[in-house]
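Structure 1 and structure 2 below are two forms of the same protein chain, each written out on its own as structure tokens.
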Structure 1
Amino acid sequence: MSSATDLHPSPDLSDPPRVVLLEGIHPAAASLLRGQGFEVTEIRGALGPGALAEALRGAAILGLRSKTQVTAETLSECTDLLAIGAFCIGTNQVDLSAAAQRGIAVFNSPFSNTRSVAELTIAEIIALSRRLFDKSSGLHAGRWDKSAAHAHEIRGRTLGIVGYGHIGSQLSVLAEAMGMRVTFYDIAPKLPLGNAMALPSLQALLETADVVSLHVPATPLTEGMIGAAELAMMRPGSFLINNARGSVVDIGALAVALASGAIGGAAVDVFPEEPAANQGAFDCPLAGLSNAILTPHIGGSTEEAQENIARDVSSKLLRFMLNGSTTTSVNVPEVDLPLLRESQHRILHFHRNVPGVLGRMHTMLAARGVNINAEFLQSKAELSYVILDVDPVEGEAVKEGLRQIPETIRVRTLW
């Protein structure tokens, strides 16, 4: 695949194309986009619906992280928007279906912060096992409590990983290198790395692990998957770590289990409700519990991870904007394209996935004397995306003809 710097500008983009980056995205993103001639506006915090729609007036690209909510109503007001970059793992902050219905491609970076989250989890396992936060708080309060009680090495203890994807499997390797036994549970069959052992059920994992670490996405299946019943299955003195999604754990039930001593400790980086802006007020049932480590959703917040994410998502956005490639998009059909030749024009067409559309397109193009040299089509549910490489044409006339096809959602041209 070509790099962003090899791509050609699109005649359909404003001059210069506008990009809005929210929530303090790493400056590498703005640098890459400006390097291709895009006008970039950077805003540190998240925006509410009204302010977001106003900020996106005339913008072709929106970049955000996890706080800004992009609803169908907001998208209906952003008629110039062509693409959204989620500079994070998740995309649940964007109405993906509504974006697809408007031909707006959404991209994310699901793997760039894998190492950062895995390393944080290892640090939390050690901190909980050695009661580091409790000991540190005691010294800050003037108490010298030098004792080995309830402090353990992690070597020889069992780590149970729920969700054996990119983060879970990398955590598995790191933990085993430090001498831990590793078990895991995943709803899909996964090949174990090293000596890790797959278990047949979540209950089997909870009943045997000294540390349970969650690495699952936010889905209806995972919502509330760790509640009072599941916490009661865990071994006395064991630890729970949630660096996945705030919806996965019943925070109230966890607070009860920690306060009663039913489990030994927890580390939580994600919460059901989080402040929309940095430095915002925060409260939850776990606050004040000495055996709970709380961090403000920083699992992937390292300089290395944020720069990797910035470069990854920006490159995907540029390939879509300047070459039409939708590879790795989370909501529209994926079409991987060769670099557009200078002697060719490219037509990008989103349309409803119903019979007869391509026939009508071909008939209209033939009537205008358009010679098609290559055609790329992919469909996903009710949406189709077709790319046509053609001999040079008068773009506006072709686009107007394609717009007359009732199933057309969005059409662009590149040359």
Structure 2
Amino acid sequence: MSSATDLHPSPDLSDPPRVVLLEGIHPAAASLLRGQGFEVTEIRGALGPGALAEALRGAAILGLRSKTQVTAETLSECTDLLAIGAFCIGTNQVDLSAAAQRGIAVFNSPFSNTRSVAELTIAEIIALSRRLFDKSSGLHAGRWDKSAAHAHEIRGRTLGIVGYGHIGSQLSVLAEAMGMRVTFYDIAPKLPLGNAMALPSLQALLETADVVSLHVPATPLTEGMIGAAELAMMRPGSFLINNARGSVVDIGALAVALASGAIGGAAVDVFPEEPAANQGAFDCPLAGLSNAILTPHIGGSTEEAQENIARDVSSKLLRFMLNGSTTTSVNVPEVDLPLLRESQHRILHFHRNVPGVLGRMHTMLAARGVNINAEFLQSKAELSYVILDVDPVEGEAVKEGLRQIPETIRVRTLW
């Protein structure tokens, strides 16, 4: 995670950027941003379009979670906005292309809850192996059932991980520390951690694992990846865990396999259809099966993950604001910039990606006697982002000159 404190030798914050944080974002975000001199307004709930545009008047940064919709129309009203932080995983709530066309960089935090999902999975492996939920609900219902039958340690058992990415590989380390043997299957070549062993096919994994845990994204390839045929390949008494995406498992086929005892149990956190809001009605074929642990998409929902997200996204926003770097932005070209050297000025320029713009910029700067010491450029689709480190300049005049170039979308300076 990037540090927010070593970005710029002396950010000029005589006019502190205004930040609006919505939807009860973890206070670590406001604290980090205020620590760099930004003026932060925190609003607990989401805002509708009119109220949002109003709240963003004069604001350089918007922070939101999943409930606030940022449309092209709202963006057109927020002329001072430079960056949006989605303090969550998804970014569907923001019109990313409209933001890019205005040179507004959008950042999110795709991996801050990795550990939370891995830990939940470990808990579920143990809970299934000890029939914990069954025993607990039995006792709640007044049934004392002390027995070792069908209760197992996880030590020495084989965990098969499907998708060895951020979560899968983290789970691999935790599971091995608890004495499990780990195998995995991934479509991309992955370095096995510890003693984990890569398997050549999903079938090889399904046929040999005591616990199969899914950690793949929702893609056309993973849709219905585990159906009746795959469940039939699993070992009798084995467990299936889906903390990935609801589309990956045929939930009807899983209910049949659980009810018939073809597999021993399952833990499912994600469903093909999930209620849009808390307290929404929920029904699925797995409801009522005592060997299925069901959780309401809480794999990544911990206070630690929320704090990690707050720190991660704020750091990315600060790097963009104070240094110009767009690394990991989901919508604008990614440029990872060095620290600005003492006695240098930095020009940050978003423009339409067409021939001749750099030439016009150089000509304009040369005409003003501006000496360029370093230049960085990256393009993505129709947008280009160029950064020039120059000897000290009269910022407003240079910005005005660059705004005269018809392809210019946005220009900003740092010193």
Ligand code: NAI
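Start at 1 and count along the sequence of structure 1; that gives the residue numbers used here. Since we're looking at a predicted model, the values are computed, not measured.
Undergrad: Form predicted on its own, is that 1 or 2?
TA: If we ask which form is the one predicted on its own, the answer is structure 1.
Undergrad: I'd like to know, for the two rigid parts the chain moves as between structures 1 and 2, whether residue 289 shares its part with residue 399.
TA: No, residue 289 and residue 399 sit in separate rigid parts between structures 1 and 2.
Undergrad: Across the change between structures 1 and 2, how many whole degrees of rotation does the smaller rigid part show against the larger?
TA: About the larger part, the smaller one turns by 23 degrees.
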